[in-house]
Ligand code: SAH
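What follows is one chain in structure tokens, specifically the form predicted alone.
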């Protein structure tokens, strides 16, 4: 929602300040879908607001719900006719987390990611980003879905640090106690390792969680499957991590998608161990092993047995590691599967 426009409209109507407080609570906390639902406002003013201000900056077109009921994916049509996807997941009973997009498409071109295959179209505005959260609040209310909406992850379409101006503004709104009121530690930002972005988040939002999509412990392999490694290779990422630790003393999550016969051998594990051990204060690193969620292409996920062997080998070398459960694969809503297609 264009919050600045709303404030100007209220000022032009000479509405008392408490009216803005009523609207803020109803929209950002209670998840109302229209101003007509805010019965504490005068009827004529409700009608005027519904005509003048759009609560959402897009139109939901298609919804898919996973068989286990723990994931919901929505295709959203933006006002310029472009599409994005956002996902709501329930990692634990009664807990809901939103996976939001920050770009239409992605310029990174990682070979195993569906988003990158569609290329890059444009950055999302901060309004289009936070409206994904507004949408999910409305969805939970409309469908009488119980539970706590507790976490937000910037792990949808796009590389957040290449749209930092808008992403940072959206984080400020999401953590603003007068608006959404999310805690900084309930927000996570994922990057392929953009150094400048890592420096900025450490300075501006030291309590927001940081995840780095690593996927390989070997520069040759990482460059082959992740073109960005030519600019931000493992040595660059290592230095960025060290600087981040010096400034924040916060944990970093390393993401590692497991691809059969590509990055799941003992040699790959040894490369990963060598990389992690080369970083000062590596006790602050935690590795998430993630099953590859299939997209169109040549890649195959590592077997469950292989993933467990890989994990146990890392554990035996005193690496902090877990296998992260993937949700939403049956609706193409899991990690790496968002494409934003109609």
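Predicted model only: the values in this text are computed from it and were never measured. Numbering follows the first chain given and starts at 1.
The form predicted in complex with the named molecule is left out here; the points below concern that form.
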Considering non-hydrogen atoms and a 4.5 Å limit, which listed residue (126, 175, 138, 190) is close to the named molecule in the model of the complex? 190
Please pick, from 155, 133, 104, 75, the one residue with any non-hydrogen atom lying within 4.5 angstroms of the named molecule in the model of the complex. 155
Given that the named molecule is not shown alongside this chain, does residue 88 nevertheless sit within 4.5 Å of it in the model of the complex, heavy atom to heavy atom? no
Is the gap between residue 113 and the named molecule in the model of the complex 4.5 Å or less for some heavy atom pair? yes
I'd like to know whether residue 255 contacts the named molecule in the model of the complex, with contact meaning heavy atoms within 4.5 angstroms. yes
Does the named molecule come within 4.5 Å of any heavy atom of residue 311 in the model of the complex? no
Based on heavy atom distances of 4.5 Å or less, which listed stretch (211-219, 144-152, 198-206, 167-175) is in contact with the named molecule in the model of the complex? 211-219
